[in-house]
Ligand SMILES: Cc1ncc(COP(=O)(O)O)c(C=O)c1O
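Heads up, the chain below is alone and in the form predicted on its own; it's given as structure tokens.
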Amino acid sequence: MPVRVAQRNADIAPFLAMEVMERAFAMERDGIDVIHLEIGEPDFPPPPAAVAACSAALSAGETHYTDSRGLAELRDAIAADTERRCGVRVDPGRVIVTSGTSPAMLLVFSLLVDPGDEVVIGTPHYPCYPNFVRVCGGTPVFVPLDPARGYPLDVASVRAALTDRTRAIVVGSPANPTGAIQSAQTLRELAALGLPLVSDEIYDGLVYDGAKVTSALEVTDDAYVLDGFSKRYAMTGFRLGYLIAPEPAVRTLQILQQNLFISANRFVQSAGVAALRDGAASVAAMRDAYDSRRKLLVEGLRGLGFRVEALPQGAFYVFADARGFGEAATDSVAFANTLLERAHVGVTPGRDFGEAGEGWLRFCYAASEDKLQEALARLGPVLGELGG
């Protein structure tokens, strides 16, 4: 008997980075060596203190529920870390700890979006933003970002996209897939439009060349900040994130958290406390390594025939224009699959990041320099055959 699927799921596209990774895993099970540049996963270990704290919590039997909002100790530590990085004092009562930033997004859009409501998103964009809006019954409205100008979220274009059904503006800074950082002036002007900012700040701390990230909390109280431990502390598998919300929204978000997720894992939250307390050296070492890797990868991709306008300012991705490869690049999914099957290098199709990304590929430089060099060497002959 066919499964009846709710209509709201019809427009939820696969997460192509995950699709490529899962295909690569299958190839590895068959004995093929694949270099993973498709998924945003650091190749560094988590801070040793975080691992030790997680292990100690398990050994001590700290395996039960916590307050739905998270351990008070962790919320205090997140508030203190936010003040240290952003210069903004945050009441720990505004913090809700989640099992990664994805549940935080679901909480926020469940709070803000009714069926038929709209959310403005700059594009190219993180693939899951519009899907969270859609699963809540809303409609994503896309505003194109200009690569030649460094992907700023153009305030005039955002203003033109607003309607009486607009409920929020999404900002990612530093951004996935572009690495772009939105200026303080841009954020102030966006906040002045009078709508909540949903600000994804998961890559803050991974910035280069003296770049400064402005948190949405610095320009408005009407901001929902999404952040976590996966990228900055190389703790992807811990699934630990958090949301900082306006005080009037916290009670509703708490009720949603209670019903949808109950709480984040108790022992993982202990790891979060330790990462914030003792993880600064790990973050600095990763940032220095990524700085070198981004230069290596950008130079190598340009040498292979990709167009990269400028070095990314933050995160650990290069969003590369592949249209110079002609017909091969017109379908970025097929192009990425070809590179996986023939070069054994996983990359993310640009289509994952919206229509504006078609003809582009995203490469992650969270892999080692040796892996990056090997990937470039593998790609060269295949791209040469494809017309690069």
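Computed from a predicted model, the values in this text were never measured in an experiment. Sequential numbering from 1, following the sequence displayed.
Here the subject shifts to the form predicted in complex with the ligand, a form of this protein not shown in this document.
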- [ ] Select, from the options 181-189, 101-109, 141-149, 280-288, the stretch whose residues sit within 4.5 angstroms of the ligand in the model of the complex by heavy atom distance.
- [x] 101-109
- [ ] Report whether all of Y203, K231 and Y317 sit within 4.5 Å of the ligand in the model of the complex, measuring from non-hydrogen atoms.
- [x] yes
Task: T82, Q257, N176, Q313 - the one with a heavy atom within 4.5 Å of the ligand in the model of the complex - done: N176
TODO: Only one of R239, R293, R94, R167 comes within 4.5 Å of the ligand in the model of the complex by heavy atoms, so just point that one out.
DONE: R239
Open item on the list: Can you tell me if F306 lies within 4.5 angstroms of the ligand in the model of the complex, counting non-hydrogen atoms only?
Closed with: no
Task: Non-hydrogen atom contact Y224 with the ligand in the model of the complex at 4.5 angstroms - done: no
Task: Neighbours of the ligand in the model of the complex among 123-158 [non-hydrogen atom within 4.5 angstroms] - done: Y126, Y129
